[in-house]
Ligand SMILES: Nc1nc2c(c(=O)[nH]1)N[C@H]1C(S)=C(S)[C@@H](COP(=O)(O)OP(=O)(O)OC[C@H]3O[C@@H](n4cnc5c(=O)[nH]c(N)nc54)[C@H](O)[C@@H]3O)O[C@H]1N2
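So this first bit is one chain, no partners, the form predicted on its own, shown in structure tokens.
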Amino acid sequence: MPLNPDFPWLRAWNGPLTADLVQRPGDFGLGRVPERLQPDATTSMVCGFCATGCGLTVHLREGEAVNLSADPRYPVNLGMACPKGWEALAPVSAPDRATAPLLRNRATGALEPVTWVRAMHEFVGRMKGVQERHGAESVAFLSTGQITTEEMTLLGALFRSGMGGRHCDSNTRQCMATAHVAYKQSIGFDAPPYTYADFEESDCLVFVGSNPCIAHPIMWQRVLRNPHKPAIIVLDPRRTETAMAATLHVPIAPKSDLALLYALANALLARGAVDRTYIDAHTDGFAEFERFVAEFTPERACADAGIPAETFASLVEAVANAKRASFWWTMGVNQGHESTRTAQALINLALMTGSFGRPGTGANSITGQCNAMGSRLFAHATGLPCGREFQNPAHRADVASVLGWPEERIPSTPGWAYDQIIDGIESGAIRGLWIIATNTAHSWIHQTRFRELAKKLEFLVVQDLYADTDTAKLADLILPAAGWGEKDGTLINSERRIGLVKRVRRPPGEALSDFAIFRLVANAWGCGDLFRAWRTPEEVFRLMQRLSAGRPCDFSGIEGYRHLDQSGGIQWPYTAADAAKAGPGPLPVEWRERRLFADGRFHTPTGKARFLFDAPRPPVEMPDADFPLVLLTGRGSSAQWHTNTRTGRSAVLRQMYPADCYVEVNPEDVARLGLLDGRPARLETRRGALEVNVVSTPTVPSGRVFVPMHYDGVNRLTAESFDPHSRQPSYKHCAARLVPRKS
């Protein structure tokens, strides 16, 4: 095949250049924007920041995106957008994008530009070399919830079936592993039951460890649209922005939420505010649960949580009187040492009050990353696609049949979770690591340990938009990736809505879409034949549909990308039978907001949901004389995102949050510790220290301090503690002290 002049780097390519590797200019992210977009027009696509999944209108000039506005027709955000959405083009427009592969010179230690041919030679030669010396399982990848579902699907299949690797995980482990496990254990499948319309239908919304006013501003706007004058209850140690707007703030002691939720269940039983008919028909294990929670009295709950009896009574009253109660949680629950059981305590409350499947109800996990749901379903990390199990022969045969692969190509054993992969580096079991679209050296708990362990690796590859992230600085090889708006694919939001992203601009230099990079690796590795039917993202989407058929997440009825585009996204499940009922073309209005379990049938063997519970345990690290404070972490502002890798490149967003890291401290503690408001201090834990500016505020109770997670160095402080079921880290609690900085 003659080389296309639009791909100058391919002139040196020595591998096979077949029609199914390079289709036309733009396949690898270097060509023009798609022909379907007119030079001066608009198109729409979903935002690539959080899992709200807002629709954005993209304004084009001479065929490339130049501006954004909120899409008034999209059923998620209804014409609203948060600051990150308005500025979504800024990160991909940044002048410091990675534009060519960079290889570390072993003599000088410097990262130097190389061709893609050289990059693939190094990637394959050195990764295979590690496997030859230490075994096939000595290489691993850590991926993300921020690339498209098609890319996740290709990556997982390439690594496990093509490269022979086993151990892989994503930063979804840091945000949504708990929700995944909690739903799977309790209702048989990772299936958030709600739709965003439930924010507007509920007459009692209980938010636990959730601050949507900051973390998910458009969801909060949906709450404000609720016409029913609902009770809004917030369980949180801090008086967050959401708590300030709530009808009731329950200022619980950190990590006392599990016991308090059990006490709430006991109090509802005492009032008879449970739906016995629903419980008997649709649940298992309630009698055991009822006996278990009997010991969680209001007096014990208030003492443990540090709240007045009247506050607890108000909480009970609001839930007991609700006709449409909904229970919502995010990272304050998920990132805990007993997070799975805490999430299931909320599921239990929804089950015992019959608050499932009806408008305005549900036990509802709010996702963090834009495509954590896609990662949970398709990344090959925790299981085979669509909730199948590695160990199940029927599941493996099913996947092999859909893909047209020999069954021995389908992995039969699960790999290690994120923390186990990190431990594997320390033990020497993991010698080669591929990190894709995540910033482990910043975001992983007790980051100092990871940064030291990274030096033990024989080969570290980082694939990202930028070459200056904390993790990229440690890499032996950097692969420059395209970002949001520079590639096609789908994302799946918190309410299970599959939305479309489009290539509306060219990535800089020789940066490629992650999809294209994975296909290059497959060809260079020698397993390209496995992926002959995986030429474009939409072809992979078709494979994903076939993999979903017959599963709880079945979306085989979607007609393709155009159907998603016309319909404002489509929530799974959307089966072939659903498609026949809805008819061809754009989705009818009545199909655009759908919730699960209206029939009371769950995805367990009995068809009934399970009550699951355990006795509460104290956090692994409690305050003491040396470290008398409890350190809390979380989102700082609606203008910040994760490690600030992208939001930090927007001049507009940078003006909306402090440039330097700060700590929120109660005024009593400011005075007692000899601190000064607005002045520097040193925040210390047993793992490290961080220079911070003191912010005196009564929103943080005495004895606790809060630091936004976005600043570099925050995770030098956090303690290594993991939920035993989900293996999700507990970022939200450790012992700390504050020391005034001497001038």
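Throughout, we count residues from 1 along the sequence that is shown. Only a predicted model underlies this, so the values are computations on that prediction, with no experimental measurement involved.
What comes next is about the form predicted together with this ligand, which is not displayed.
Only one of 478-486, 100-108, 305-313, 596-604 places residue heavy atoms within 4.5 angstroms of this ligand in the predicted complex, namely 478-486. This ligand is not shown here, but in the predicted complex it comes within 4.5 Å of a heavy atom of R635.
Heavy atoms of I214 reach within 4.5 Å of this ligand in the predicted complex, making it an interface residue.
In the predicted complex, this ligand stays beyond 4.5 Å of every heavy atom belonging to M45. Contact between C50 and this ligand in the predicted complex is found at the 4.5 Å heavy atom cutoff. The candidate spot formed by G424, L474 and G648 lies out of contact with this ligand in the predicted complex, as no residue has a heavy atom within 4.5 Å of it. Only one of G156, G362, G332, G499 comes within 4.5 Å of this ligand in the predicted complex through a heavy atom, and that residue is G332. Residue-level contacts in the predicted complex: of Q463, S375, S202, T340, one residue has a heavy atom within 4.5 Å of this ligand, and it is Q463.
Scanning 701-736 for heavy atoms within 4.5 Å of this ligand in the predicted complex gives M709, H710, V714, N715, T718, Y731, K732 in sequence order.
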